[in-house]
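One chain is shown next in structure tokens, namely the form predicted on its own.
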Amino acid sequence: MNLSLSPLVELLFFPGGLVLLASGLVYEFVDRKLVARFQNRIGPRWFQPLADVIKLLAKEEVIPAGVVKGLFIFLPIVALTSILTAALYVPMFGLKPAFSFPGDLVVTVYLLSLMTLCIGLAGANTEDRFSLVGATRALTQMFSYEAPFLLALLGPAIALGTWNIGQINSAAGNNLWFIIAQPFGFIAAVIGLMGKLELPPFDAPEAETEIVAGALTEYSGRGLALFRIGRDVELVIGLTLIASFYLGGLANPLDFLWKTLILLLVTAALQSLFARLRIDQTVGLWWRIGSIMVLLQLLAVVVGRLIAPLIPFLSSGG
């Protein structure tokens, strides 16, 4: 029996596993550093995200009274596992996806949404009032941002006639920058990603001045560390998806680096420019404007695909 270690190495080390976790911490540092510089602060040192995670992993995980213990422990593991699984279908670091099949775009978006769902369930599983309010806000915001984010990614997919992420990335690499053809979709994708990750100004679900740490108020130690790492990795995956769909695809690691860092610069600037929105502003305004904006653009894409075959016939006068 011939055993190949290559897939195992890819999953555990590169481009998945340990390297993906490390890249999440690196991008968290860059994001925090950029926001700090925009706000005329110094910001954290380069090893601060890693130090924070190690400190949390070393701390005791306190399980509060009144929770379902198994669910309390299991939810952070499910959240991180779903994010790492989603990375298998994405061209991480500009490389070919580890796994690919028709329709993997829908599966990937679903896996990315499990992080928010787990956070909401984690807060609802406790008796703490701050956690319950944070869970309600997280789940409410999830329904407002998941749909526009998915629709924004479907724009290039419909235009290219495939829901396979690898094929979309390859086709977009042929000098096809959908940020020009579908600018509304790009805006919706960036804002939708920030809303999914609860980044400012969409951080009402975890507003520390109002509800401490939101849905994760009762979490400490390993559970909090896993949720934090999961969000960092989801940031990298989200930036990779937007870059591969809207910025001409990712052909190599250098392509991945400069395009995702430009997107990170944009999100950091938006975090610095706007104050936190109330939950009603976060949900109501974006649900109306964002969804309508993306739906109109999708309608234009569908109409364009229907008209395109008729253009040669019409131009010939027949």
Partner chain sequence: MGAEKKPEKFVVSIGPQHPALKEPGHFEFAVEGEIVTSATARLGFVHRGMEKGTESRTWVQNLYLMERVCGICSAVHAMAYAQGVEKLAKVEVPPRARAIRQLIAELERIHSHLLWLGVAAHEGGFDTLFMLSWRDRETVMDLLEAITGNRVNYSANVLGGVKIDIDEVKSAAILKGMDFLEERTRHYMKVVTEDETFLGRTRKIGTMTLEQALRLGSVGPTGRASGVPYDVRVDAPYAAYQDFPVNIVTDTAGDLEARFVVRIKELYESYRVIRELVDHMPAGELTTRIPRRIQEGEVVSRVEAPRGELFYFLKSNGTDMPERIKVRTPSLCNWGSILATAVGHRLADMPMILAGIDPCFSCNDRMILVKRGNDQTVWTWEDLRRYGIEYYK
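Positions refer to the first chain, counted from 1. All of these numbers come straight from a predicted model, not from anything done at the bench.
Another form exists, predicted together with the partner chain; not displayed. Remarks below refer to it.
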(message) If contact means a heavy atom within 4.5 Å, which one of 190-198, 221-229, 77-85, 134-142 is the stretch that engages the partner chain in the model of the complex?
(response) 134-142
(message) Just to be sure I understand the contacts: of 105, 211, 172, 236, which is the one whose heavy atoms reach within 4.5 angstroms of the partner chain in the model of the complex?
(response) 211
(message) Under a 4.5 angstroms heavy atom criterion, identify the one residue in 67, 277, 251, 293 near the partner chain in the model of the complex.
(response) 277
(message) Just checking whether residue 130 would be counted as a contact of the partner chain in the model of the complex - the rule being heavy atoms within 4.5 angstroms.
(response) yes
(request) Tell me, yes or no, whether residue 281 is in contact with the partner chain in the model of the complex, where a contact means a heavy atom of each within 4.5 Å. (result) yes
(message) Can you tell me if residue 62 lies within 4.5 angstroms of the partner chain in the model of the complex, counting non-hydrogen atoms only?
(response) no
(request) Give a yes or no for residue 272: in the model of the complex, does one of its heavy atoms lie within 4.5 Å of a heavy atom belonging to the partner chain? (result) yes
